[in-house]
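Form predicted alone, single chain, as structure tokens, below.
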């Protein structure tokens, strides 16, 4: 059955697929987006996990999407409303009062750390701004004589040179470090170091002592800087962000189909020429762009027979097994965290007592075990967003580490045990929480793989590491969005620059495709 012909087909209506589609359509391309699920959003979707209670399925805060993407795609004009903005980050402590990660909050804990935090943050943001200049465009290729690749490297070199000798030397010194050593150099308060260390390892297969965690922290800070360093929450959850992206893409002329599962990518005369849907509908296009993870796209939808053996080996060895779970609690009343003000409760609450605690929690995962005392990022979005829970009730959403994809014995047997451990861990700081729980849900990496079709259940599609970053992400031969097969491109989190709800891979891929035509 013939389903028509388009300039571009985008596989997957997650946030990167929608961003890519919107920019392609704005450039005058005829675009069709195909989504297997019944709604747009991919893993950045809002869904009901128990009657009357809704939650963002994976990421729950909007603080990494660059402000220029939000503005260029006019997301506010397409329905995006913020339930809250300028949210704080608070470190919880077992035997002492919690504190907010800002000058005022830290001054009550350590005058030295309060002063050091300002200097540390200013310098790290300066480094992150340099990194952002490399994230906001397709990465250059090495070993070519093309002017655009040389200019891209020169621009990056000039950004580094503008730092000045002292800062450039410091960036080169810390760039490959582990975040444990960096934070030990700067601070004395264990919970402050734990909170900052958690941000460097959140969503990764890392502990604070892992080399490269300073890079992952700088990546996060670079995206936060592009979003004006402001943590916000979308009214209606993260699904509302993707609904606005979809509306923007449609307004530009893109067509979006849900419940449209792509079964394979069609190859004719050594070129991608279309897709076949479940049900045998054939849709043709000159360009196919996949926002699915690299393994699902290249090994699954395309198939190894169309690729070089060495390239297939690289894709097979791509590291991308998740270690992060998501906990959702339906509560009959607002949770009371010890010493936490209502204003603090509106933002991020972190349970990461120290760098050593995070490292011990991570150690379990090396042996296929979940953490006995996990670290968590907690949000109670229903405080400012009444659409998520019935009147008087609330939703608690928490990112929980570490929960390995390859758990010994499997998650069917361990799910309830780990859920109980996570709830008890939160209850240490919120006495009586368990008596308020009406329903609960634990989303493990295995669930993420099944529900959102992400190989290995890794939020970032591929681990964020030096050998899977910048001009070699996800693998050499597919690092500038184009795959070895003409006509087939990648635009998901597995591509440069990486994961998080940024939209950067989608926009960069669209720019690359537009620039080739």
Partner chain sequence: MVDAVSSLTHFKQPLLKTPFHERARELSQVDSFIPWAGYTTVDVFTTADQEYFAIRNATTLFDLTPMVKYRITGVDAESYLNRLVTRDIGKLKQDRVMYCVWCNDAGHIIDDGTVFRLGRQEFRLCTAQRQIDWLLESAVGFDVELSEVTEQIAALAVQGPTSCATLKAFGLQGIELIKPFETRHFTVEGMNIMASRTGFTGDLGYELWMDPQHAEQIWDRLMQAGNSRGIRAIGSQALNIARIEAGFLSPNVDFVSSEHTIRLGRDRSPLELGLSWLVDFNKGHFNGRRALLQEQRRGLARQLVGLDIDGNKPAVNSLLYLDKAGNREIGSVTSAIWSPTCKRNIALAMVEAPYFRLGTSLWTEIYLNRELVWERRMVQARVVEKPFFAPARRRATPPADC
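Not measured: the values here are computed from a predicted model. Numbering follows the first chain given and starts at 1.
As for the form predicted in complex with its partner chain, it is not shown, yet the points below apply to it.
Of the candidate stretches 155 to 163, 313 to 321, 187 to 195, 358 to 366, only 313 to 321 has residues whose heavy atoms lie within 4.5 Å of its partner chain in the predicted complex.
The partner is absent here; in the predicted complex, the one residue of 88, 436, 210, 304 having a heavy atom within 4.5 Å of its partner chain is 304. The partner is absent here, but in the predicted complex a heavy atom of 485, alone among 485, 471, 36, 27, sits within 4.5 Å of its partner chain.
At the 4.5 Å threshold, heavy atoms of residue 391 stay clear of its partner chain in the predicted complex, well away from it. Put simply, residue 95 is far from its partner chain in the predicted complex: not one heavy atom of it is within 4.5 Å. Not displayed here, its partner chain is kept clear of residue 342 by more than 4.5 Å at the level of heavy atoms in the predicted complex. Residue contact with its partner chain in the predicted complex: residue 333 places no heavy atom within 4.5 Å of it.
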